[in-house]
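Presented as structure tokens, the chain that follows is alone, the form predicted alone.
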Amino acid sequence: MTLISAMNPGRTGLLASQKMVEITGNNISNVNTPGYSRQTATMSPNAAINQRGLYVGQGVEVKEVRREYDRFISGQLMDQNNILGREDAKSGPLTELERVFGIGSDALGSDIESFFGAWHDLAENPSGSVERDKVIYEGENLVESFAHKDSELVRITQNINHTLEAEVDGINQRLQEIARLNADIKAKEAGGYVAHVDHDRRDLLVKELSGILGVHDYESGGGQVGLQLPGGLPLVQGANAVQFESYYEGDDLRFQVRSNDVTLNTTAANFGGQFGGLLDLRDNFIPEMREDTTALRDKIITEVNALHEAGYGLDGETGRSFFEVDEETGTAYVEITSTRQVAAGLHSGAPGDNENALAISGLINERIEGDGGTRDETFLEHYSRIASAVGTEARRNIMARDGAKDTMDQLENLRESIVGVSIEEEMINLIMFQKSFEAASRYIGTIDEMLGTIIGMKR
């Protein structure tokens, strides 16, 4: 082995140490980059060569640069992000629903009490015009309160639609970028290049979509991934991505996916994540609240009208409904237009007859007939059941969201411990590779001095 060839171990040591410093520096510079996975290098000795019967090593080489990755942790993060996205998206609308169905002086329950309280006041002074005016006013206020609650539910539904619609462009951008990254990764890795940055970026996009749509990913060969909705509808296959679209059917926002000339409609069951949570509220929970609130209104109207039609106003007339409901719009309103038409009396329109007013005021304590022919709950109990359902769902949502966030934080910390960048560890590595570089430099310097000595001997 000549002194010239003896320089080879030093040369390879310099190059390997330089490469390791570069990799360490890249890790340090990306310590705060979202989705970045730590990169490490694998070094191995060069093959030894036969020098007069002795096998002498030829230094070291960097075999590959690896990207730290844990498939199991990534899968757990996606599943948990799906749950967190679902519960987090529901928290805003549920807070609004709690406000709509609150308990207090401005709540619907208070308006119901005020309406029947006005009838009680009228029973104490059945001929009083002020009391009769109050009955009409409280009746109008009650149906307006029901209408306001319904319009609030409609508004919350529309806000959900706007939120979902605003996500469509971002979803399509992510899907298209994932398809492009699939193509880039396949091309680069087929040519022997590493595509760690592309892998990191793609993983980050897939994680974001898991929170928005609840997507599932699967490996499709050649370093590529496929994406599909929880219902199985494909979104990305290789280098091809569908076009995610929204459209309206009347007031209802719907979704479909388009690939070339093929269009497939979706349902709420196709989605997870934010979309799944918001669509569950929009299509199930809020309609149930609207239906239950309308049922309460109709119960009050039916019971009050039945007694009012049997009573007499000061004008001696009977058979009048207190409330009416427009069959086309479903809007309720107070039918009577004069205080003399308020049927406080049961037997006649005599000023002192208060039996009907007493009967109507007593309805607030009656257990009104419900489904199946049972007299199951009072008006206030009915409203409390609606408010309780909203409050229960809101509390469940808070607990589920906080639990999902805690689990997500734990998984993120676990991921960071496996594939994340530790500044302390990288600084130790940096010092170690620096010392390796310095040692290789000294080795080369020593060989150079030896060469100089030999050259000097020949002069």
Partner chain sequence: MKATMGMNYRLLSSNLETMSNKLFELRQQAATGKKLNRPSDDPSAIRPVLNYRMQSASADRYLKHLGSAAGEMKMLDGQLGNVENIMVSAKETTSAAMNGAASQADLQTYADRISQLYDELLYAANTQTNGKYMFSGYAEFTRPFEENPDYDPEAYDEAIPATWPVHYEGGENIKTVEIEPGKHIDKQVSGEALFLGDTEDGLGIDLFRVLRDAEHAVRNGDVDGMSKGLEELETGAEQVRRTRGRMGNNAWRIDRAELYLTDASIEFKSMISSYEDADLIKVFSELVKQETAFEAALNVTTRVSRLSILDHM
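Residue numbers count along the first chain shown, from 1. This is a predicted model, so every value here is computed, not measured.
There is also a form predicted together with its partner chain; it is not shown, and the following applies to it.
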Can you pick the one in Ser29, Ser422, Asn46, Thr42 that has a heavy atom within 4.5 Å of its partner chain in the predicted bound form?
Ser422
Heavy atom within 4.5 Å of its partner chain in the predicted bound form: which of Glu303, Glu98, Asp150, Asp184?
Glu98
Check for me: heavy atom within 4.5 Å of its partner chain in the predicted bound form, for each of Arg38, Glu113 and Tyr383, yes or no.
yes
Is Gly391 close enough to touch its partner chain in the predicted bound form, meaning at least one heavy atom pair within 4.5 Å?
yes
Report whether the minimum heavy atom distance between Glu64 and its partner chain in the predicted bound form is within 4.5 Å.
no
Since only the chain is shown here, I'm wondering whether Glu317 would be in contact with its partner chain in the predicted bound form (any heavy atom pair within 4.5 Å).
no
Could you tell me if Ile103 has a non-hydrogen atom within 4.5 Å of its partner chain in the predicted bound form?
yes
Counting only non-hydrogen atoms, the one stretch of 275-283, 230-238, 345-353, 158-166 within 4.5 angstroms of its partner chain in the predicted bound form is 345-353
Along 399-433, which positions have a non-hydrogen atom within 4.5 Å of its partner chain in the predicted bound form?
Lys405, Asp409, Glu412, Asn413, Glu416, Ser417, Ile418, Gly420, Val421, Ser422, Ile423, Glu424, Glu425, Met427, Ile428, Ile431
